[in-house]
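First, one chain by itself in structure tokens, the form predicted on its own.
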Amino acid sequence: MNKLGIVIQREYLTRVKKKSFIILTILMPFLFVGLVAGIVFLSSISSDNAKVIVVVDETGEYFSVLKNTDQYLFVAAEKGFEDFRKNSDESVYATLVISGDLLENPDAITLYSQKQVVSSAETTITSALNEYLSEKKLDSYNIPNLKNIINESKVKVKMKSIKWDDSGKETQTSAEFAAAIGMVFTFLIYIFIFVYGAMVMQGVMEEKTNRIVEVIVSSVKPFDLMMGKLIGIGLVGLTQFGIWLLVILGPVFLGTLFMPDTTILQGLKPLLGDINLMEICFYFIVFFIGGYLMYASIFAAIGAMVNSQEDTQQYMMPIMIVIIFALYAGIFSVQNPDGPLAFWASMFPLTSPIVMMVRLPFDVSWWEKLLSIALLITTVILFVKLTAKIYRTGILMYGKKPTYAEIIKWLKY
């Protein structure tokens, strides 16, 4: 085995054999599902103590409209608003002042509080009053059965989305499900690039700080050492993703073979439509490898330049801004996957690994996929060559942080 292969094997096996890797790989899908379920459950739990809202209704008409809920308790004021303001009561969450006829003057209502009120309080009040005022307005027209006529005239359209291919074959689709798949793979590739790229930087810094690298480079070229780290740690990420994919899609595949008529699988068919999950997984691997090698090479160069964790902040900030921009570009591209933001961000190599994953479930043209991959590969080769020069020089330098002028000199060596 050549020296590059030995470094790859060492980086891969030392991380895969760790108990933390095994435990996280097994538990992460369950932790993710549990986290989402926990957030949904906790958000549905309301506080045991209802917030008191004092109502100063100068018209005497609207207080009875406001009904108590689990969150809010409406209490009629026994004194004027100015008295409340002078003698504030900590048990009172807010004071609602209605100073006139809301049909004639919709602005004659104000909610006062010492703390910023939450949107649910405003929604509870306005929805109750809007419903009452709408009915009152309808009654003022003196048209028999007007409410029933309006209620019967309300129609809800249930629309299906159908795609057809060149042969004319029709397939039912779901825009929401396609967006969900795109976002899941976008977050996965964002997390993988960030986590494993940072792992490369940490590994380089540890070897440099412990002076182990001085021994290693005596028998291995710096370029081979850097590439061995990049490939070895990247394979760790692909291994983890492959295990998760097997855990998630394995039961679905077995169910399709042995129980094709089950309710769950039948329900998934119209959601999936003609979305090719295997093709998306293939492109995920391609863009993960490209994005990972590009960013991990930068992280390796940063790890080689600095001597401590604190020194990384200066160089990490521009990279973090680009990665976060790519994530938000992907999020906003869900609603317009063929728009200019989605298109150019999926072509620009620094953002394409993340943004393209959002677009893939929405039938991206083959030439766009190939162009994005070609630009990414070209950028990866360029970045690896440039960062290898920084890595080669910086890995054996100790003391102060290099200036940008010094880094440029390293690139010219």
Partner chain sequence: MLFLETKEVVKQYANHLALDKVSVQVNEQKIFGLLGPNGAGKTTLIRIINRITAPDSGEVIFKNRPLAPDDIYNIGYLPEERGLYKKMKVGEQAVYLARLKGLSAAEAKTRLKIWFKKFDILSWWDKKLEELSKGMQQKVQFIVTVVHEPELLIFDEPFSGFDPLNTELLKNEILELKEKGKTIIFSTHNMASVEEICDEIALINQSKVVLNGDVTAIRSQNKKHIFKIQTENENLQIDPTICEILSREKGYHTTTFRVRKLKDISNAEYLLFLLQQNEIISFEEEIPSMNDIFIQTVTKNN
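Positions refer to the first chain, counted from 1. Source: prediction; values computed, not measured.
Omitted from view is the form predicted in complex with its partner chain, to which the following refers.
At least one heavy atom of residue 9 is located within 4.5 Å of its partner chain in the model of the complex.
Interface residue remark: residue 211 is counted as part of the site for its partner chain in the model of the complex, having a heavy atom within 4.5 Å. Among heavy atoms of residue 218, some come within 4.5 Å of its partner chain in the model of the complex.
Using a 4.5 angstroms limit between non-hydrogen atoms, residue 396 touches its partner chain in the model of the complex.
The chain is drawn here without its partner chain; in the model of the complex, the stretch among 98-106, 181-189, 218-226, 140-148 whose residues come within 4.5 Å of it by any heavy atom is 218-226. For the residues 206, 152, 310, 338, the 4.5 Å heavy atom test against its partner chain in the model of the complex is passed only by 206.
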